[in-house]
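Only one chain is shown below, in structure tokens, and it's the form predicted alone.
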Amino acid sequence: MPDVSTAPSLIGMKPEQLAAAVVAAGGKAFAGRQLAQWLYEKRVADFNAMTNLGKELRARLAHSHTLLTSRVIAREESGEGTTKFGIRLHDGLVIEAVLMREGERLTACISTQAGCAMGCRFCASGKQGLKRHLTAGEILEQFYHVGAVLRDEGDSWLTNVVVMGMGEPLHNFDGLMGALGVLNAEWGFRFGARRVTVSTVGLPDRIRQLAQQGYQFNLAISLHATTDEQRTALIPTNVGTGLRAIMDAARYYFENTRREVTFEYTLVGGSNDTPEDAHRLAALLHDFPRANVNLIPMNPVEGSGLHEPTGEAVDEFTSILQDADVNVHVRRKRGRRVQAACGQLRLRLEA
């Protein structure tokens, strides 16, 4: 078997690349389409199961290429429908993926980086900085790990995907688009773009670039503050962007895709959860077309110096937005028993 640290993985390759790999292994180019069906349509990552490929061809492909380069090293259940996966990459780094079950809604939350460079104070993912970008294949491998659990439990395939795991997706733009291209393609996973949400801390140039890709992904922007001074204290990268540029890019995204933009707002006790903050947020979104706000009471992150908001503060903040006709939802905390806040499981596994 090939060394997964050096052998190229077939997962993430486009049909023409798969055909080239098949031809190099002594097969016919048309078998590349069959290989794509096994990998993406059937989501099978086992050469032995690809029975319509010749046995000798399968052996040669297995000698020159690998499939899954990562493995699940931890799996924790919340007891409330959330499963968290600790996944070790071929070089020893650990990432996370989450499966969330809400009735018939099955959502995978996937990572795009090992670590994160954004440095948000309330997030555990960036506590040790960015280790590296994930390849498109490594991003896609998370679906195979999640899918194995769904098959074991007799569940159907995913209904939704959120790119809200470890890392800033738009910072790894090429890897992100490579993975989402396979996810959405007719020859790929055939997963509708409108069922995919890409979450970003707010990189204006990349938001505009995403709008130009021709997909109708949903966009979620991590706003978390209503003034630049306040936002920079929570998100250091705001120094180079600013709220005005982020809001302009968000409007550009809506105008080009006609997809609703969601603004994520993590409520940090005594920091950005005051009535004044709520009124400023309502004013900021007053004339924004089809905006949606997700309020997220902060999960505790050890060493951050930040605190959860009180229930009363969450309720008052929500009421002020509702009174201003802002479409607002409070995200129910899930997976606290499995440390579902992004990056917490990874920190324990790498400790």
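On a predicted model such as this, the values are computed, not experimentally measured, just so you know. One-based numbering along the sequence shown.
The form predicted together with ligand SAH exists for this protein as well; it is not shown, and the discussion that follows is about that form.
Of the stretches 167-175, 139-147, 239-247, 152-160, only 167-175 has residues with a heavy atom within 4.5 Å of ligand SAH in the predicted complex. For the candidate set 253, 217, 189, 122, a heavy atom within 4.5 Å of ligand SAH in the predicted complex is found for exactly one residue, namely 122. When ligand SAH is considered in the predicted complex, only one residue from 67, 301, 31, 291 comes within 4.5 Å through any heavy atom, namely 301. In the predicted complex, ligand SAH lies farther than 4.5 Å from every heavy atom of residue 84. Contact annotation for residue 224: at least one heavy atom lies within 4.5 Å of ligand SAH in the predicted complex. Taking the partner from the other structure, ligand SAH in the predicted complex has a heavy atom within 4.5 Å of a heavy atom of residue 297. Looking at residue 277, you'd find every heavy atom of it more than 4.5 angstroms from ligand SAH in the predicted complex. Shown here without ligand SAH, the chain has 264, 266 in 261-277 lying with a heavy atom within 4.5 Å of that partner in the predicted complex.
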